[in-house]
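Quick setup: one chain, the form predicted on its own, written in structure tokens, and binding and motion questions come after.
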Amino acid sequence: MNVYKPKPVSGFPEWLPEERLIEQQWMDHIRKVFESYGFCSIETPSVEELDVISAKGEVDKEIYVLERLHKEDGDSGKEARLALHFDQTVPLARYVAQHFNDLVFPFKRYQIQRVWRGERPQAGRFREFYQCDIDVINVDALPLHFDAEMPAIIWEVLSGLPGMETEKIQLRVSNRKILLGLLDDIDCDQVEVLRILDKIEKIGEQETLELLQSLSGDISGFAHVLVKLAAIKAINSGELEKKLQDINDEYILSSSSESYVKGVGDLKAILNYLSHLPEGAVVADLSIVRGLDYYTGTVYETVFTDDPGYGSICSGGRYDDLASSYINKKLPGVGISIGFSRLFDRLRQQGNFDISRKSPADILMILPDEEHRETAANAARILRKRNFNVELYHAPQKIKKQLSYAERKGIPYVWFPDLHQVKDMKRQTQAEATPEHWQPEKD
């Protein structure tokens, strides 16, 4: 008999039970915080029509197209119609357009789902991974305070995750209108200019300047000003205003541009709104522009301050017309997405998690012999009704073996139904107890 030895599929992670337990704790925490701000949960299909995905002109090479391995007669030669979704923002826009008459606006939703991207697997990059998204969409206009609420929610989420206690993170905020406003009167490829400026922290100011000067059009003479702007970081609105004024005094910016003025004003307002967070938790960073061209205003990225080279673990921004490809209405929105699997895997590899628990069970119910099976099962039922997770041992084996099983799985308490006693595996203490009244000792 031939035996196929299975091996991991690159880019498609799977965790051991003890890691999955922590992953579920993360999801529970994230869900709780999102719902505390009034966000409701939705789930869209894993697949979308290719016409839905391509309506926003996204990168086709990242999309997994769905076709049947064994096609039926007449299917050969037909183009694929469906694809796995590569993010959750485009499906959300389609969802809102499709269910417009049934939704209450502003529509505040969260999604915790897998997405798929056909990119090369590497550290922090998967082909299948979880994203945790929150978005607010409204009809015609969306108040700016929602742009400020996003970083506040994400700070609360990230700072409360198990394993993140010692990590230092920073939410970086900008507004695309600032740089785009300055480029309005310049003959240049704006998308390419923003793409270069987005790399300034990685490649440095000098290389950024040289790349800008190499572009065609009128950008060369203005390149040094853009580099100075993109290098601006400010922890509050006052510092941002001063740094912009210093550049304006030296180079005389086209600050009369309506887009520029609006972008600066919005960014300052967001910083003021977030002043309750710890100093340095949120920073205005004008190099943040985001790669996706559907962002039209506020943009976000979140990095580890001790390891900025790792890249963004949480990003997003405001979009004014994402749903316009699917419905003849103006539906502006703002959203932010946590790269859940990317963040989780980094902390997992660093050993930030307590993986001593390999089971969700709080109590292992000992089975001393068959005569006590019903007594043990009844005690387990009572404890479960009191919201304890209880595993009934599967066979009346030696007590030593059953205790070893509990220890190996990290189950903190062991119950002896024949003795009416419970053992604390951490303290190695044992005391009398009844399933109706027992409570674990507090640490």
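Residue numbers run from 1 along the displayed sequence. Keep in mind it's a predicted model, so treat the numbers as computed, not measured.
The next section is about a form of this same protein that is not shown, the form predicted in complex with the RNA.
Asks: Can you work out which of F107, F126, Y260, W155 has a heavy atom no more than 4.5 Å from the RNA in the predicted bound form?
Replies: In short, F126.
Asks: Just to confirm, with a 4.5 Å cut-off on non-hydrogen atoms, which of T296, Q131, S324, Q98 contacts the RNA in the predicted bound form?
Replies: Residue within 4.5 Å of the partner: Q131.
Asks: Would you check, heavy atoms only and a 4.5 Å threshold, whether R81 touches the RNA in the predicted bound form?
Replies: Judged by the heavy-atom cut-off of 4.5 Å, R81 is well away from the RNA in the predicted bound form.
Asks: With heavy atoms only and a cut-off of 4.5 Å, decide whether V65 touches the RNA in the predicted bound form.
Replies: No, V65 stays farther than 4.5 Å from the RNA in the predicted bound form.
Asks: Taking the RNA as it sits in the predicted bound form, is S356 near enough to touch it, meaning that at least one heavy atom pair lies within 4.5 angstroms?
Replies: Contact check for S356: no, nothing within 4.5 Å of the RNA in the predicted bound form.
Asks: Does any part of N236 reach within 4.5 Å of the RNA in the predicted bound form? Heavy atoms only, please.
Replies: Heavy-atom contact with the RNA at 4.5 Å: absent for N236.
Asks: Would you check whether the RNA, in the predicted bound form, lies within 4.5 angstroms of a non-hydrogen atom from each of D369, S404 and M425?
Replies: Result yes, every residue of the spot touches the RNA.
Asks: So which stretch, 180 to 188, 198 to 206, 158 to 166, 326 to 334, is the one near the RNA in the predicted bound form (non-hydrogen atoms, 4.5 Å)?
Replies: Partner-contacting stretch among the options: 198 to 206.
Asks: Using a 4.5 Å heavy atom cutoff, which residues in 417 to 443 contact the RNA in the predicted bound form? It's fine if the answer is none.
Replies: Residues within 4.5 Å: D418, L419, Q421, K423, M425, Q428, Q430.
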